[in-house]
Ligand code: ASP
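Okay, here we've got a single chain as structure tokens, the form predicted on its own, with questions on binding and movement later.
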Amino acid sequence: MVYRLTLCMSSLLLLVSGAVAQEYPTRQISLAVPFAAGGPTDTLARNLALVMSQQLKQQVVIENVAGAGGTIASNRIAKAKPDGYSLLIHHIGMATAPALYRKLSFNPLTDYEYIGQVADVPMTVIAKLGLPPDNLTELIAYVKKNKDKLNLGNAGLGAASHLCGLLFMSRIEADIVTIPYNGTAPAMTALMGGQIDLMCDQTTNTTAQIKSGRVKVYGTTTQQRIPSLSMVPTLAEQGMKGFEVSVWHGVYAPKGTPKPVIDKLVAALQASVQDATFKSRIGELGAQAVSKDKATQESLAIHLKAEIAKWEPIIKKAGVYAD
């Protein structure tokens, strides 16, 4: 009798879950962005939300939950109801958080259902107008000579700009003061206002400023020149080999979200990354949508695990931690 009752209950739960998944989505979906509005991840997320809304036939709305290097938003989604209406888009910071934070309230490897990767975004090394060096070679020499007088801005601990800055300083063997801001937009404002000297940030945030001449650019972190910034040489062209850095982004749902719901989200993401308008819009900002085979649960899971292993020794060597 107990066995039969358990079997009936299991069958009922499956039927209910299947019915809910068939109807999903019946209302708007929230996509949490762990950084301030106007930043590079926010820009990418808003472009993605537009096309995913069309695919899912329900509005995907952006919710900016900035702070603590993206961990506040990540924790919120990890603890959210697993019904497909609370999602997270995050970048490389999901992989670096375990090494950066001594007390992390979520586990990137166990607390989420992965939806898939979205796009790769190159970085640019930029400076305030009026900084004397005219090219990368001159910049490196200038930084080494004036390291006690210069500062490097970023969007906060664990942000892509923070990580790129750490790598850049490590590569040129010169440490300068770093100044964290609550998001990339405030950091960019400070750079354009001359309050900080340098920054290494994603093309989704820097392309417009570079083209309008509001910042000085020293190079991109790509192997080949970026079509949208074809006038900007790569760091590799200028002698800094092996400094190819791009910021990947992925979409996550709370652990336990029903598989049929996940399947619908994966299908919507795959259609979105292949959408011509989406690819064009982010392409203008120097970003590149991933191929369909990367917009999958398996691809994101494998990539995230590999990135955690890659960044952990780098961060530990730099001795950067947060409570």
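These numbers were taken from a predicted model, which means no experiment stands behind them. So that there is no doubt, residue numbering starts at 1 and follows the sequence shown.
Not on display, but discussed next: the form predicted together with aspartic acid.
For the options Thr220, Thr71, Thr184, Thr206, the residue carrying a heavy atom within 4.5 angstroms of aspartic acid in the predicted bound form is Thr184. With aspartic acid omitted here, the record of contacts in the predicted bound form names 31-39 of 265-273, 280-288, 31-39, 49-57, defined by a heavy atom within 4.5 Å. At a distance threshold of 4.5 angstroms between non-hydrogen atoms, Thr96 is out of contact with aspartic acid in the predicted bound form. In the predicted bound form, at least one heavy atom of Ser161 sits within 4.5 Å of aspartic acid. With contact defined as any non-hydrogen atom lying within 4.5 angstroms of aspartic acid in the predicted bound form, His91 is the only contacting residue in 83-99.
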